[in-house]
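A single chain comes next, written as structure tokens; it is the form predicted on its own.
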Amino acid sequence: MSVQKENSMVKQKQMLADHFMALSEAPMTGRKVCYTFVPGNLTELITAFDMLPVYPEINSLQSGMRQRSRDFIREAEDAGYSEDVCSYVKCDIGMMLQGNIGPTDQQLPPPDLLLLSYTGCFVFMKWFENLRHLYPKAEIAMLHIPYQADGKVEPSAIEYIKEQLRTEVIPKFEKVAGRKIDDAVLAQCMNRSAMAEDLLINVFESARHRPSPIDAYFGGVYYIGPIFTSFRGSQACVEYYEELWKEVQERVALKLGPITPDGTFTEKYRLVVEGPPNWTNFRDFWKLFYEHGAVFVGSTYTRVGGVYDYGFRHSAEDPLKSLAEYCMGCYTNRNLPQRIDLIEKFIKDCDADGLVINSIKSCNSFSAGQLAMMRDIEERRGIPVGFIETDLVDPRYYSYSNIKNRLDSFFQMLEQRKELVGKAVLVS
């Protein structure tokens, strides 16, 4: 069964198809290619230099959804990578070892520039080292982002990042592109990014309605696609979010819930979720929730490429400062209390009934501290918390029966709590 597609989803699919076609033709057209990562990405710079970005973790998740990750992971493990290594890394490396044929069955070009923006995930650094060995001819640039250990962005940290951009990163772009940066083009990209970010937050905040017109987790991973990957800063990105926001407004007016692979459903439970989804069994995983009438009204994973909920927007006024602030604020670069505060904000703003934590076996960047999160939210909000375990793209660590049993117990807790609240209202 195919997922019902709205115009925005059709538009996004075409955007991705065009992008991968441009990548496959890059050796002939001469366009330069930049490999980078999603958290803290510098897409506006890449676009300003007319380069094509490639995101290794996006290739991995797409391979997982297409049931190709198992073979790629096996290839990497045969090459010496441990079972405990991040499955995104093994999937990506395995894909490259098998010829670097991307998710659309087109060969991806080698990078002209390897750009690492280090934002809280140490694995990215080791991943980058391996990419460097695979592509020794590529230029390499690293942007080191200080971790928000104290939960705030220090002015010295912003200046530190700006200096790296001025003296290390942009000169590498200019060397690869063969020309100087065009400040006017960069400013245009920053302005378009801000427009798209406004629209995205409108979409996510629509979950405050009852019923919620969106699923902020399973639908949310589609909503963040253009802005967190190849298109932020482009006019196509703005047009995508204009179309998406129009569709969401129509659903609000008609009091319709989100679309699922099986159509719509009646909202019964409103949930917030911490952690990435499982990609190898995405639809089955989603169905475990919507068959209970559960809709996600908040998700931390959809902030992995940028947190816009507190007002940050890219700005053309001081582009390098704005890029620095963006990198500092990504979810994986925030400390544990900040992450808990964001979860509580989702719960309060959208009147959520419960929290689900999906602990990812091979992703310490998300999984570390999740039990502390669970206890803290239980104490602060007094709501049920469900805890399940899966993996990103390794199908060996997806146990349907185990997940279903835990979720059945969780939904029983939610139902009992609703009954108790209902009785308390009647008594009062």
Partner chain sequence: MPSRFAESRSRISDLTLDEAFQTAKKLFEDLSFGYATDWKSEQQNRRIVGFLPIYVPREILHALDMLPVGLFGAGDKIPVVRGDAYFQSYICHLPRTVIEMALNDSLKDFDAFLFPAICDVIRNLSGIFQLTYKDKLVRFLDFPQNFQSAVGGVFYRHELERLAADLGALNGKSLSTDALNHSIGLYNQNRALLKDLSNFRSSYPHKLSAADHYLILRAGQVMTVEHHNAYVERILELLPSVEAIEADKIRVVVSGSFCEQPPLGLIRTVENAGCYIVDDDFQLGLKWTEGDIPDKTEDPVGALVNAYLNNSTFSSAVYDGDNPKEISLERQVREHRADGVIFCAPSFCDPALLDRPILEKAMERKHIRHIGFQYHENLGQFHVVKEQAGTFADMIKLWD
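Positions refer to the first chain, counted from 1. None of these values were measured; they are calculated from a predicted model.
Omitted from view is the form predicted in complex with its partner chain, to which the following refers.
The single contact residue among 185, 236, 140, 201, judged by any heavy atom lying within 4.5 Å of its partner chain in the predicted complex, is 140. Distance criterion of 4.5 Å from any heavy atom to its partner chain in the predicted complex singles out 89 from the list 355, 224, 89, 96. Screening 329-337, 297-305, 345-353, 204-212 for residues having heavy atoms within 4.5 Å of its partner chain in the predicted complex returns a single hit, 329-337. When its partner chain is considered in the predicted complex, residue 146 lines it closely, a heavy atom lying within 4.5 Å.
Looking at residue 371, you'd find a heavy atom of it within 4.5 angstroms of its partner chain in the predicted complex. Interface membership of residue 122, defined by any non-hydrogen atom within 4.5 Å of its partner chain in the predicted complex, is confirmed. Although the partner is absent here, residue 157 sits close enough that one of its heavy atoms falls within 4.5 Å of its partner chain in the predicted complex.
Looking at its partner chain in the predicted complex, residues 81, 118 and 375 each place a heavy atom within 4.5 Å of it. For the partner-free chain shown, 163, 164, 167 of 163-181 come within 4.5 angstroms of its partner chain in the predicted complex, judged by any non-hydrogen atom.
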